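A lone chain, given as structure tokens: the form predicted alone.
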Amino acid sequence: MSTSPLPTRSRASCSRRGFLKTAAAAVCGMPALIPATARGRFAPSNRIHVGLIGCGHQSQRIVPSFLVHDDMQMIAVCDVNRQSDGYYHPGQVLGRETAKRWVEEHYAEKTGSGRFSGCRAYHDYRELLAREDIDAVALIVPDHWHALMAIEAAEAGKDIYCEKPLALTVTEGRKMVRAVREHGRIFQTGAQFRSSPAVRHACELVRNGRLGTIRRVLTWVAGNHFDCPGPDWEPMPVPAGFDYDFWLGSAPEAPYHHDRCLFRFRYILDYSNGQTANFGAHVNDIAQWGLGTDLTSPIDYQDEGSEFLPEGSLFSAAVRTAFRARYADGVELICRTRENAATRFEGTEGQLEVSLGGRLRSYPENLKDSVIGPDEIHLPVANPAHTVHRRSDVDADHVRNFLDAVKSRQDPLEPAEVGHSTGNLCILGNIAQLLKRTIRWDPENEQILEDDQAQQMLSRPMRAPWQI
């Protein structure tokens, strides 16, 4: 249960239950589709009603990946930014009004009617969660919002597709897992490369011993995409239509700068763990899948020369990732920065590297072409209906896997526990980089051993009145 600020500048407190009751009453006054509770969960149309929370850069991949499926309908979008530029590409205008237009244009074209007005845009995510006709939500928001929104969505009875990395801290990730299980919700972590046939094949080769005994895994994350304003940066006026205080949410109060928000939040430790966790949530996730360590993580982590910008710079996360981790069985994982993100498994009988683009390279060269036999280990396929894939299919297949799980009530490819384990690996590597020393980890009890300073970094204080 959480107590959160109203979407206005007022700091008046209100209970979440009272807010939801009021918001639900307001929603009842608008033209709406038949609520899920009245029509049976998926009958008669068999459509899953989805609400999108977060209409920024990544929504450009996620919205089409949902809309391509005929058994779902996106009926609501939400963002604290009405509409503006300042995202990844110059001149790119995104926000809730843009996402609403995408959805309505899609359905207008699909129905042939030339117009569609069945998607509502919200400023406050709690109004969207209050709608009884929404079955599932897609959370495409900065990392410091994942836990708050996912837990409230679970409490509201919604199934959840949540962008990676799972959480900002280890403590928040554990609370997300607990809420999902306590409320019986389906949860898919948006680490979409588990839905890549090339990644799956690579991990099956590793699992079936084609490389012999694995000794080491190398993972590479991309560097920052943008230059950082230096220590002499100055605040800027908040643009019209952007509720900056609401965007900050539980993060510390800080002056506005256009390089702080929208896409570039991921370079600032108040909102993210940098590229260590952003790309690391993909390449280290592949390592975890191939090693069969989905529900655990390495037991010690040490810095290997990571680099950070001078104190006072706006960007505070590592600009060069470099850490080494060791699993209980002695396997090493080394994570570094380079241009092309990828994962390489090194074993006694060969090596195999898979990029996020789906390229496989191996030594011996023919190892990558080995066929997995019917009696060997086969990892789950995200979308069995697809046999030929382009890179763009990965996102849609990952969503397909989520929608199928919503119907079957069986876990998808990357449930909360799996996203949590990979997230922990990245967060702990980041802590070792920040402290410039080795930390020892107890994965079963989720505790850092014999290091009080590092242990305290497993959680962060939340700005009042936000709390979990």
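Quick note: we count residues from 1 along the sequence shown, nothing fancier. The structure presented is a predicted model; accordingly, all values stated were derived computationally and were not measured.
Not pictured, yet referred to below: the form predicted in complex with a small molecule.
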item	value
Interface membership of G56, the small molecule in the predicted complex, 4.5 Å heavy atom rule	yes
Heavy atom of F246 within 4.5 Å of the small molecule in the predicted complex	yes
4.5 Å heavy atom contact, G173 and the small molecule in the predicted complex	no
Exercise: Y87 in contact with the small molecule in the predicted complex, heavy atom 4.5 Å	yes
Contact segment among 318-326, 72-80, 105-113, 174-182, judged by heavy atoms lying within 4.5 Å of the small molecule in the predicted complex	72-80
Candidate from L262, L218, A341, A136 lying within 4.5 Å of the small molecule in the predicted complex - any heavy atom	L262
The unique member of K100, R194, K164, K158 whose heavy atoms fall within 4.5 Å of the small molecule in the predicted complex	K164
Heavy atom of each of R61, P142 and F242 within 4.5 Å of the small molecule in the predicted complex	yes
